[in-house]
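What follows is one chain in structure tokens, specifically the form predicted alone.
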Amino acid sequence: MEFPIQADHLTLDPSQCDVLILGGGVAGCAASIALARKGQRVTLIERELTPRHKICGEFLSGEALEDLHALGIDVASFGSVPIDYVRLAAAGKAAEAPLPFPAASLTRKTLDTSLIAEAIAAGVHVECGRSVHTLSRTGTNLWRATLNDGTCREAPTVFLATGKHDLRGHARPEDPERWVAFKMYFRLAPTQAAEIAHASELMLYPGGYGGIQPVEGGVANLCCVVQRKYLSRAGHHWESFLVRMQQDCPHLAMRLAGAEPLLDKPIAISHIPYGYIRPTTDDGLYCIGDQAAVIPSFTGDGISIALHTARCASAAYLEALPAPIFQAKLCTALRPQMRLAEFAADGLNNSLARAVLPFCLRVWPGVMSVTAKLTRVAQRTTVAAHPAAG
């Protein structure tokens, strides 16, 4: 799908907006649509000129599908792939269980394109190909975003939705584990493509884990994370790391036998503070998506959290719940499932756990379904929109 607009296709005067949204990914677009439909004058600023592929497992849980449907996004119309099973592979063995909720898979490039188009249709003023250098308060109690071309945008309220990219002065803490993430699309051999036709597979190896699942167009997405100290053993090179992963996880080697890589080089990113939840914020600054919380990737809940936090923050703003109170409530609501997800992720990185986990799963297949339910952060949390309700 081609991107529907260029940066100069604007509909509103940017100097007359109620809400300024920084970041045009899932969270930023979702918030902009929700606010514009309620009559707010919204300006959205996105650093990329057109949507592109991003580091993301591209798993859409049942909660994410519900939120997208409410926004007017029918993922099936864009070729999404239903995901019915989850498989775990470790120590040369694999176990499978059905997902306890509906799920699907769709590339972020396609999803972001559809969300930007829906935002424009809702009346959002969209500026693409512009990055924000600084965000500060003015003497008139407005937020001022200074862009890369030197121009400024001001508004009384800002939604910070810059995803994995931190904004100067509003950065999240350093990542103590120094995680590095890679993503590559493959066209699998026909037999292997048929094996993962409706499955999301999680594969374990020393220092990290990876996931492979089908996306639209007969393509498979391999997304993996590893601690930098383990990556150094492979010389910090993708090619050697990919070889090392396949040696440590024969199941992945089987999947990639005869596969054709579809990108010239993998997409990569570092500094991923897994487990982070923003505890507080400034007045008039609502933080959503990865700027609010970063859940371990293996849960597949990243897109769901982006949509959930956008929905909650939009409702809080419309009900005049101050941003600091909202952020604190969101932090409290997300913490239990975030801690559970961290505990599970730590277990996956334990060498003994990796060795015995496939056996345990065969003895008790339901454990995968239980874990999937318990780590559905968005499904289990709500944020009261009025102080008296909390």
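Residue positions are given as counts along the sequence shown, with the first one as 1. Since the structure is predicted, the reported quantities are computational estimates derived from the model, not experimental observations.
Not pictured, yet referred to below: the form predicted in complex with a small molecule.
Participant: Would you classify residue 274 as touching the small molecule in the model of the complex, given a 4.5 Å non-hydrogen atom cut-off?
Facilitator: Flag for residue 274 set to yes.
Participant: So in the model of the complex, does residue 335 come within 4.5 Å of the small molecule, heavy atom to heavy atom?
Facilitator: Residue-level check for residue 335: no, no contact with the small molecule.
Participant: Counting only non-hydrogen atoms and a 4.5 angstroms cut-off, does residue 41 reach the small molecule in the model of the complex?
Facilitator: Output for residue 41 is no: heavy atoms all beyond 4.5 Å of the small molecule.
Participant: Although the small molecule is absent from this view, report whether residue 59 comes within 4.5 Å of it in the model of the complex, heavy atoms only.
Facilitator: Yes - in the model of the complex, heavy atoms of residue 59 and the small molecule come within 4.5 Å of each other.
Participant: Of the options 130, 233, 137, 178, which one has a non-hydrogen atom that comes within 4.5 Å of the small molecule in the model of the complex?
Facilitator: Looking at 130, 233, 137, 178 one by one, just 130 meets the 4.5 Å heavy-atom criterion.
Participant: Considering the small molecule in the model of the complex, which of 313, 119, 203, 306 comes within 4.5 Å of it through any heavy atom?
Facilitator: So the residue touching the small molecule in the model of the complex, by this definition, is 306.
Participant: Quick check: do 95, 207 and 248 each get a heavy atom within 4.5 Å of the small molecule in the model of the complex?
Facilitator: Answer is no for this spot.
Participant: Any idea which of 82 to 90, 254 to 262, 315 to 323, 285 to 293 reaches within 4.5 Å of the small molecule in the model of the complex, heavy atoms considered?
Facilitator: Among the candidates, contact is made by 285 to 293.
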